[in-house]
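What follows are structure tokens for two forms of the same protein chain, given separately as structure 1 and structure 2.
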Structure 1
Amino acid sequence: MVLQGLVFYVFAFITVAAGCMVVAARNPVHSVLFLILAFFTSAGLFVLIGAEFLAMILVIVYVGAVAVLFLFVVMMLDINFVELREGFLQYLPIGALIGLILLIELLLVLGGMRLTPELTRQTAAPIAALAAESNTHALGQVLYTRYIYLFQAAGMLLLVAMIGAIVLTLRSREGVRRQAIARQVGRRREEAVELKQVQPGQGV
């Protein structure tokens, strides 16, 4: 138990420190690397509580796909972050409002845990009907039956966040020729073919 508690505190400290460095790092590449470190240590915390499936998913999906994708996108697109930060003051009020709402939600959760600790123990208790099942099977049974609507709502939020990220990083460059598929498909033979009468001894 002492070793397990020591490992928990070490992993928790590294996770919190890496999360702070994700926000505080000036270089976006360093932020992605700290994010990968936070994912790895979070996976270690999942292993400590016996959720091996969640730890494996965190490493495979987030570290192996999402974080690496962020890293390659940041390095390959060469995004002008100075230009993106120019409108920081414009979005500061709505950002502060969202941060205030999140802070109030955290205070409500922490206050509820302090006022009614028996509710926390009841929520964290394992489900009796799924106690004999494996970790993966029990997670799927609960996620796709009891919390299916919340699961779908989380998917919609992720979709909106992905579209927002694409819109924020989309830049229009002048002088770049783009493919117009509708014009290519809709053009007629007279527009695409031109007949030239070449006289003998003359070029085109």
Structure 2
Amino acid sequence: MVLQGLVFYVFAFITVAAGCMVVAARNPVHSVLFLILAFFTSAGLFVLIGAEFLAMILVIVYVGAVAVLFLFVVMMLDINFVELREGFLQYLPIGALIGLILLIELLLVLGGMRLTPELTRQTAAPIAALAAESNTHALGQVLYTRYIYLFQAAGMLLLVAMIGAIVLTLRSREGVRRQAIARQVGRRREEAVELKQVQPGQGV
């Protein structure tokens, strides 16, 4: 128990500190790197409470895809972050207000679950106790077994969206130079290189 508590406090402290640094860091690339640190330590917190699937998703999706995408955007776009931060104090009250509303809403949700525990069991597909079933298994049961029909239907829907996007936007343009690998490979030295004997003191 002591070890668990220790790990929790270390991870929680690093998460909060990294979160603060995301906002406070001067260099936007550093901000993104702190964000990645925050993601990793939150994944550790998830493992601590037994939500191993969420931890995996956080590392794979958020660190692997989203944060890297952020990094690309930050490095490729020429945004003046100092200028962006100028109105910080001006927007602070409204930002604080929205933050407060979010906090109250979170408390209401958690309070509701705490006050009436039967609420969580009223869902259409109740989740089994953690001891009986790992949550990866439970999610798989819901998504790929119980709702397999809807899952497949959604797949067909996305396929139609893909076909539609291609049909409506893809144009085969004329006069575009395309890579022809066979021609590249079949090219011989004589066609590509011309040797000239250049006399000293004269141009080509």
Partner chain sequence: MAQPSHDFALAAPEMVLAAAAMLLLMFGAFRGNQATRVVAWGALAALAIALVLVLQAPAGRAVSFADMFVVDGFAHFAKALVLLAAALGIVMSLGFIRREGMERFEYPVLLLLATLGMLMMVSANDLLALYLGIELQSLALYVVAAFQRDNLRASEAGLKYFVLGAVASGMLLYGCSLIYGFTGTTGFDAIAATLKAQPEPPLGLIVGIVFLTAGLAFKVSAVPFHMWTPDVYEGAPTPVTAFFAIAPKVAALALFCRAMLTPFAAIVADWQQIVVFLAIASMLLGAFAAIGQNNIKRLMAYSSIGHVGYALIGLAAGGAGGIQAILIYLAIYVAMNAGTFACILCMRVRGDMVEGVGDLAGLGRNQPLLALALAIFMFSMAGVPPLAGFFGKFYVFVAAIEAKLYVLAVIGVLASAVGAYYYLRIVKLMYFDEPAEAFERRVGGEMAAVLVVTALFVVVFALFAAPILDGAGTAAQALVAGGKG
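By rigid core we mean the largest C-alpha set that fits within 1.5 Å across both forms. Quick note, the numbers are simply positions in structure 1, starting from 1. This is a predicted model, so every value here is computed, not measured.
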{"property": "Matching structure (the form predicted together with its partner chain), either 1 or 2", "result": "2"}
{"property": "Inter-form CA displacement between structures 1 and 2 at residue 98 - rigid core frame, Å", "result": "3.6"}
